[in-house]
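Next comes just one chain, in structure tokens: the form predicted alone.
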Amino acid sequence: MVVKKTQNNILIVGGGIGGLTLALALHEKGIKCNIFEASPEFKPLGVGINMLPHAIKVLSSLNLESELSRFGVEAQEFAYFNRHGQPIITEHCGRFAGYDYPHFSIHRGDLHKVLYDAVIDRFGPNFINFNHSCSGFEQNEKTVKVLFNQQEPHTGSIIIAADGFHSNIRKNLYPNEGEPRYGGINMWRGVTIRKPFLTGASVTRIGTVDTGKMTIYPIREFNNGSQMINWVTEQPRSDFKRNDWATKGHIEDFIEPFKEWHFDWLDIPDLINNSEFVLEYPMVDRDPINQWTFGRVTLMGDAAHPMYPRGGNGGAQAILDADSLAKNLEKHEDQISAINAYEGERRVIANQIVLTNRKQPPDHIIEKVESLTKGLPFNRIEDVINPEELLAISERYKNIAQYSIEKVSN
């Protein structure tokens, strides 16, 4: 591949899912770029993440699908249950629902490693500039300079801020924004090695936030037939403790609603008590902003639209940002026009997902049924509500988040 000689250098600040995907997408189009990452080295972090067909479509175009399939579990269905363990509705997903692309449930660290290895393979071992913590930027009519703590600045044509939820570039652009918005919900997450449950490829949601909610799905498969099962609970909490994804959690702080959840298809207390670890994190986002692009600088991913980690759309939307940026940078000769066109395509959509994830994510299906039954068991879901009404809730979310079959096929 020959790098386009006429293309100026693009500075990507942040080597997470969005930044790495963008570098790979630009490489495919022969557009020069550099990545600057605050961490001193590559280190896979996190727990499970769902990569739905709209994200996999982009990653497949970068020749990563087969590698993702080596690490993740191809999901077959979304399964919804009430707090009594009764099935509410099951909906096929990915290729099992007729999409052209699969849905992978995968360890976030494995996804990050697939992207990182591809970048190193295609750009070379020294491409990513580690230990470059961004402190700000300066720009003029012709160039932009990214500033770092204890490192020399770098000059380029545009900056793409992919520096995550606590983006320093966003802080420079919105210095009075303040602390993240806390919605009164805390999360505890963990992984447990055990035998498969349900289909062995079910993305499962149980209960509601007010009375105890669990989201559970497999993210790795082992040769002995066991799986690594990712689980997360959301519960109301009045106290906000700022921390990061690696903060240790304690089972006694959240186990109470689940003590009697011994279902014939999965024993929830056993799942929790046998976890490899527990992490704690507050459910936070930020209010949508009405501008991402300022001259030669634009935001992407969590720097642009930090959202509740619901519906499989946090990482996915960063990947869609990367795809839009690369296509517009190829299409427009003027890079400032390109990043403004990208914002025009993506900002309204991403902001709507931020707001929807607060109030009506896919598990609103369970909340609807709990409201109608007043939390009591039922005999047949058809006696409570027409299942088509529940599927309509799911379809509405798919359309907002841009992963209906029609949108992914276009």
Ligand SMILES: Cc1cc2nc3c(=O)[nH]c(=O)nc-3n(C[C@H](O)[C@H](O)[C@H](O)COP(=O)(O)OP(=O)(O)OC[C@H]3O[C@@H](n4cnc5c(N)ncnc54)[C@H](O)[C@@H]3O)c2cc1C
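Heads up: residue numbers just count along the shown sequence, starting at 1. What you are looking at is a predicted structure, and each value in this text was computed from that prediction instead of being measured.
This protein has a second form, the form predicted in complex with the ligand, left out of what is shown; the following refers to that one.
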(message) Which is the contacting stretch out of 196-204, 283-291, 301-309, 331-339, given heavy atoms within 4.5 Å of the ligand in the model of the complex?
(response) 301-309
(request) May I ask you to state whether residue 320 is within 4.5 Å of the ligand in the model of the complex, using heavy atom distances? (result) no
(request) State yes or no: in the model of the complex, is some non-hydrogen atom of residue 133 no more than 4.5 angstroms from a non-hydrogen atom of the ligand? (result) yes
(request) Mark residue 314 yes when one of its heavy atoms lies within 4.5 Å of a heavy atom of the ligand in the model of the complex, and no otherwise. (result) yes
(request) Please check if residue 361 has a heavy atom lying within 4.5 Å of any heavy atom of the ligand in the model of the complex. (result) no
(request) Could you check which residue among 64, 354, 31, 47 gets a heavy atom within 4.5 Å of the ligand in the model of the complex? (result) 47
(message) Looking at 68, 381, 38, 366 here, can you tell me which has any non-hydrogen atom within 4.5 angstroms of the ligand in the model of the complex?
(response) 38
(message) Residue by residue through 168-183, which ones have a non-hydrogen atom no more than 4.5 angstroms from the ligand in the model of the complex?
(response) 168
